[in-house]
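To begin, one chain is listed below as structure tokens, in the form predicted alone.
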């Protein structure tokens, strides 16, 4: 049986908190809170979101540093030019290239990480949305089996929802 998306739109924050508490009392732990106001994470009792964005710049920096070492050392070893008994690998110039390669890798992978963690581009059906959320309303979105749609709609209505949107079929 397929899941349906339901969005309850609340004018007051207290009403949204009441609806979130009712959802948790009915065994629904996984819901999404949509708001234009920056409330602290967990203010509505939702699960904390986990991200892995910090991994992307680290991997990018390591790859950029490795590529810079390979390019500078590889070039100097492939075309050896011994000048006045100096070492074949010129470390001061390699440091500059390695720094730039590290930063370039970290920046590019950070951009990739932001796109990846933002789940862009979105594919498939989009969940219901109400433009009043940008005007200060609070939305609570839930994905539930079709059998529970009526129960969740009643929970939202009992919490004084301004509107309840169902996923278009």
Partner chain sequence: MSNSHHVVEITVKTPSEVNNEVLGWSATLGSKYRLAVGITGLLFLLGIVGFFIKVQDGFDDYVPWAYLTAAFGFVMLFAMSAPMLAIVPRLARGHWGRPISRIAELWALVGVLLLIVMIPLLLALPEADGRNTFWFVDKYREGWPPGAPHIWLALLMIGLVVNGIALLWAAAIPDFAAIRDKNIVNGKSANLYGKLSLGWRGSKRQWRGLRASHGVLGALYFATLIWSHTMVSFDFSQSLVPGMRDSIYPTWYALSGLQSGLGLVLVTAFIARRFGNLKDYIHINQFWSAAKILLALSLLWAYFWWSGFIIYWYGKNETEMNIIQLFWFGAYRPLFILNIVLSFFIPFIFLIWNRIRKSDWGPSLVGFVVIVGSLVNCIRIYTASFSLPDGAKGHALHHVPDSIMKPDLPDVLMVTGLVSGAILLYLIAIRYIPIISTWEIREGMLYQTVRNLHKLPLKVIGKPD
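Residue numbers count along the first chain shown, from 1. Owing to the predicted nature of the structure, the values given are computational and were not obtained by experimental measurement. Here the rigid core means the biggest group of C-alpha atoms that line up within 1.5 Å when the two forms are laid on top of each other.
In what follows, reference is made to the form predicted in complex with the partner chain, a form of this protein that is not presented.
- By the criterion of a heavy atom within 4.5 Å, residue 41 is counted among the residues contacting the partner chain in the model of the complex.
- Mapping the unseen interface onto this chain, residue 148 falls outside it, with no heavy atom inside 4.5 Å of the partner chain in the model of the complex.
- In the model of the complex, the partner chain sits within 4.5 Å of a heavy atom of residue 17.
- Contact annotation for residue 49: at least one heavy atom lies within 4.5 Å of the partner chain in the model of the complex.
- Although the partner chain is not shown here, in the model of the complex the stretch 89-103 places heavy atoms of 90, 92, 93, 95, 96 within 4.5 Å of it, in sequence order.
- In the core-superposed comparison between the shown form and the other one, the C-alpha atom of residue 100 has shifted by at least 2 angstroms.
- Taking the rigid core as fixed, one finds a CA shift for residue 61 of 2 Å or more between the shown form and the other one.
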